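Okay, so here's just one chain, in C-alpha cells, the form predicted alone.
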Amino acid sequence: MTDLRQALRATPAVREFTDEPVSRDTVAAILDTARFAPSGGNRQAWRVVLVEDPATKAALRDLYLPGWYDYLAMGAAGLVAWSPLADREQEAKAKEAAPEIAARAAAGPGGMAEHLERVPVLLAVFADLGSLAAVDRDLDRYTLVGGASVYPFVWSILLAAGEHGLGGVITTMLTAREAQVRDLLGAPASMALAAMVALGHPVRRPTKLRRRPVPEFATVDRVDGVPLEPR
C-alpha cells in the first residue's frame, strides 16, 4: 500500500523526454496493467492506437499546434481556455495574440508541442460512444459523465508507465481537431478522441507536486458546508 500511495502522490505531468526509445513490449506491458481500470458496465469502451509512423506523428503535431497557441493566448489573457462557461467574445479577442506566440515559439527551441513527432510513445485513446452510459446526455449543460468510463484507464496508463521508469502527460488538445485525427488514424465517427498520451524517459521528474489541501475542495453535507478537516 505504501508503494500505491507513493505512486498516487508522485506521478507528475512530464513533457520533456530523452531520446531513449521505448519498445513495443514495454508499451504492451503498460497497457496490460492499465486495462484493469474500472469502466461503466465493464464495457471497457476504450481503443488505443500506438502511433509510430514519423509522417503520422508530424501530421498530429501540425494539427496540435494551432490549438496549443490558442490555449497559451487565452491563458496569457487570464482566461480558463475553453471553459464551458467562458465568454466567447473574450476568448476570440485573446486568441488574436496566438500568431505572435507561435512566431516566438518558432524562433526558439520549442517544447513538446513543437516536437511532438519526437515523443518516444504517442498513444491515441478513443472512446466508443456506443458503449458509454452518459447519464448527463440530456441535461442542458456540458456533458461530462461518459468520461468516467475512459479516463480511469488513461490515468492508469500513466501510473503503469512509472513502473517502467517512464513518465508522461495526458493531453486533450487534439480533440479540437477530432475529425482530422479520426481520418488520419482510421477511426470511425462512432469513436471520440478522449486523449493523447505522451510517454518516454523523463529528462527530469518533478518531486514536489503542488496541490490544494483537502479542506479547500472538500466539505461536509453541502457544497457550502464546513471544510472536511482531519480529526
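The structure presented is a predicted model; accordingly, all values stated were derived computationally and were not measured. In this text, residue numbers run from 1 along the sequence as written.
Although not depicted, the form predicted in complex with a small molecule is the subject of the following passage.
For T56, no non-hydrogen atom is located within 4.5 Å of the small molecule in the predicted complex, even though that partner is not displayed. A residue is said to contact a partner when one of its heavy atoms sits within 4.5 Å of a partner heavy atom; I170 meets this definition for the small molecule in the predicted complex. Not displayed here, the small molecule is approached by R211 to within 4.5 Å at the level of heavy atoms in the predicted complex. Put simply, Y69 is far from the small molecule in the predicted complex: not one heavy atom of it is within 4.5 Å. Of the residues given (L122, V125, M112, L132), M112 alone sits with a heavy atom within 4.5 Å of the small molecule in the predicted complex.
Between 26-34, 162-170, 184-192, 44-52, the stretch whose residues reach within 4.5 angstroms of the small molecule in the predicted complex through a non-hydrogen atom is 162-170.
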